[in-house]
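Just the one chain here, laid out as structure tokens, in the form predicted alone.
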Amino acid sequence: MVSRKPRKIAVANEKGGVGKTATVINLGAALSLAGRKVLIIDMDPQFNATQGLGIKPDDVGLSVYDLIQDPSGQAARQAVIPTHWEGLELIPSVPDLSGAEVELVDVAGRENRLRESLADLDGAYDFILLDTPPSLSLLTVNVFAYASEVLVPCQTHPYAFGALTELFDTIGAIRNGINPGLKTAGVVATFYDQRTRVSNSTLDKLKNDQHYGPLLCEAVIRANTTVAESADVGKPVVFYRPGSYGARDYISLARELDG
């Protein structure tokens, strides 16, 4: 039974297509494989993390949408779904989550709805990983208000590198106005392909940047089609094909963050 406070890590980037959901799923699975108790919270209305863990939205009872709608009336533990893998659990998303921002627009304290609804989960997990929408929204603000750390996946492409400034400005604003304890867990390079000049150039820029370089994780997530294949069958890559580059890279990232 876990008794210490969990590390609550939001995996976020306001740019889509950088491997955010894949990082949530596969980092969570790698941590569970190492014996950690992990909860994944799917805060994206596209519910990709939910499907990536083999759960269909039609099979969901309570979801994160219900918790945000009525944080005092729904016990978070009742929304937790066990996955097929020991130590890895999920609070799922559903398409209705896309309407939450409009429904909460006039609600006082709307940025803290998630934090209020998840209060009774402290002590139940080693890690709580939160997937976020690929844009700044009320859902993202709720995640940042609840999380203790932010892990930033950055595709090794110039457009992704250029988008980091806006994201870190957002994190700074949240830290100043809502959650002063919010820290940066790191920046992790994703879709790295050592055969291409642009991938190598972007990774070098990350390493040498005065702001991002000190935050850059040693683990690098290489471009690997097996990660996409594993998502298609709803099975984390560390269980789908343990010997693949994708599995080894996420296991390395898990060891680094858990060290």
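In case it trips you up, residue 1 is the first one in the sequence shown, and so on. In this text the structure is predicted, and so the values were computed from the model without any measurement.
Not on display, but discussed next: the form predicted together with a small molecule.
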Response to the item:
Given 196-204, 227-235, 210-218, 62-70, the stretch touching the small molecule in the model of the complex at heavy atoms within 4.5 Å is 227-235
Practice prompt. Examine residue 222 and determine whether its closest non-hydrogen atom to the small molecule in the model of the complex is within 4.5 angstroms.
Written response: yes
Worksheet entry | 4.5 Å heavy atom contact, residue 18 to the small molecule in the model of the complex | yes
Item to complete: Indicate whether residue 22 is a 4.5 Å heavy atom neighbour of the small molecule in the model of the complex.
Response: yes
